[in-house]
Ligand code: SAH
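For reference, the chain that follows is the form predicted alone, supplied as structure tokens.
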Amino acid sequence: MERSERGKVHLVGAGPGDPELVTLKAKRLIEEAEVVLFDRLLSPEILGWAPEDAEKIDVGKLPGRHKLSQEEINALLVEKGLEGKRVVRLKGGDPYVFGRGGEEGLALAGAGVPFEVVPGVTSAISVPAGAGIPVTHRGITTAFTVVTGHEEPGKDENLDWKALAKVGGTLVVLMGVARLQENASALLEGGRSPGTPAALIERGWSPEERLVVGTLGDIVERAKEADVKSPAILVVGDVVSLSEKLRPATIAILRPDNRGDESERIARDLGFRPILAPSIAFWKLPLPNDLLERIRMADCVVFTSATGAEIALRDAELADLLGRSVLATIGPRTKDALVERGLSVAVVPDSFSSKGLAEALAPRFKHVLLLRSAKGSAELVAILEEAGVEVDEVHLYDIAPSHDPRLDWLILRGRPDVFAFTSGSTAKNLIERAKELSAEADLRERLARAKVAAIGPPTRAELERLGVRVDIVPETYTFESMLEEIRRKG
């Protein structure tokens, strides 16, 4: 695309953080930009839409710490516009809702630089909505007020919080943490009832979103207990009570990262808001030199996980031989991993468990080869050998702690409604990592308050061994069935 002779600046709202809540026009302009000036807290995915050769300038601000002053940002926008560049000034939320977009527009207009505002989904409405709080609701309130929680020092006309208390309706306070105690006290002094429902929403629409609900009388104390940090939005009003029914249940998914996209899709399809926090990781192990011969000798080759199937089929020669072998899998997801790569599966048990698989194999085969994890269940081998089946075993991968920062966040700050465990290893490593972070007692308290789901009996047994109560085990031992059972039981 050729550069225009005259530059233009677009003041673009990036919405509350979720890339899917960015407008089509905003996305197109980011993709065409030659210069992008962006704020902090923007999703890396959104910024990643800009061309690789675009100049990207971080002008983000933190309370009390500015990389550039607003006057310097204005001057930089003018400078880039006068250079004939396609400039995107990318802001969270909407540029004209406490985003200083108006100031930047005036500076551009004064310098004769063409500009255009591209509205964004404002966090004032979307963040409460995402947390199950409509800012208006028939029969509760028909009005809402949006204010900033901290004001520019020295401003001539400060907000009259006591007057705001008398307005009624829903009050949405952006940047609501720094002066929470002062603002809540002023609302109480102005006549708002201490029993008025109130909520703080931290990092709305991000994977780290947290909701703290209370009343105007106790929200300050609850925020301290939960260690709420900026950015967070305060909502005051009776609509807050609707969050109990309207907010999607949050579910912590401890599966390894290679199942993340699949897990997130299934969870969202079933109405959950997923928190991906892998507690285990897979390490590929070297294949034995005689593996091909061992496959030829086996009556049946058995896979007990989709991960094992994916690892084995990376080797072209191995994949070719497996395509001419009799294959069995522990369940449908593992079968799908093979079928998707052009292989056929002869045996899938009715019960997707080690016991079910062993019972399906024992009557039909005398010599089976297991291709699986080094942490595989001993039960499968024991049942097969008891039935007179000769068992060979190759470990394709091992399981280790994930060291994933998302897991640490879950342990230290997460408050999911549901914990979903897909193996004993996911449970064991969660508790062990909590011990390492000196946060075991707090994690156990949150596990006790939440619902805990286990994908099958071995996972339930490990959780109970660890002292964790299990609420849900599906009849069919698959991840999707587990989430469906959680949804069914509410």
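In this text, residue numbers run from 1 along the sequence as written. Owing to the predicted nature of the structure, the values given are computational and were not obtained by experimental measurement.
The form predicted in complex with S-adenosyl-L-homocysteine (SAH) is left out here; the points below concern that form.
Participant: May I ask you to choose, among 88, 267, 277, 201, the residue with a heavy atom within 4.5 Å of S-adenosyl-L-homocysteine (SAH) in the predicted bound form?
Facilitator: By the 4.5 Å heavy-atom cutoff, the listed residue in contact is 201.
Participant: Identify, from the list 164, 174, 298, 180, the residue with a heavy atom within 4.5 Å of S-adenosyl-L-homocysteine (SAH) in the predicted bound form.
Facilitator: Looking at the other structure, the residue within range turns out to be 174.
Participant: For the chain shown here without its partner, which stretch in 326 to 334, 70 to 78, 407 to 415, 203 to 211 has non-hydrogen atoms within 4.5 angstroms of S-adenosyl-L-homocysteine (SAH) in the predicted bound form?
Facilitator: Contact-bearing stretch, as computed: 203 to 211.
Participant: Do heavy atoms from each of 308, 373 and 402 fall within 4.5 Å of S-adenosyl-L-homocysteine (SAH) in the predicted bound form?
Facilitator: Not a single residue of the candidate spot has a heavy atom within 4.5 Å of S-adenosyl-L-homocysteine (SAH) in the predicted bound form.
Participant: Does residue 237 reach S-adenosyl-L-homocysteine (SAH) in the predicted bound form, with heavy atoms at most 4.5 Å apart?
Facilitator: So residue 237 does not count as contacting S-adenosyl-L-homocysteine (SAH).
Participant: Determine whether any heavy atom of residue 197 comes within 4.5 Å of a heavy atom of S-adenosyl-L-homocysteine (SAH) in the predicted bound form, and answer yes or no.
Facilitator: Heavy-atom contact with S-adenosyl-L-homocysteine (SAH) at 4.5 Å: absent for residue 197.
Participant: Taking S-adenosyl-L-homocysteine (SAH) as it sits in the predicted bound form, is residue 252 near enough to touch it, meaning that at least one heavy atom pair lies within 4.5 angstroms?
Facilitator: No, residue 252 sits far enough from S-adenosyl-L-homocysteine (SAH) in the predicted bound form that none of its heavy atoms falls within 4.5 Å.
Participant: Do residue 97 and S-adenosyl-L-homocysteine (SAH) come within 4.5 Å of each other in the predicted bound form, heavy atoms counted?
Facilitator: Residue-level check for residue 97: yes, a contact with S-adenosyl-L-homocysteine (SAH).
Participant: Listed by sequence position, which residues of 121 to 149 have a non-hydrogen atom within 4.5 angstroms of S-adenosyl-L-homocysteine (SAH) in the predicted bound form?
Facilitator: The stretch 121 to 149, when checked against S-adenosyl-L-homocysteine (SAH) in the predicted bound form, contributes 122, 123, 124, 127 at the 4.5 Å heavy-atom cut-off.
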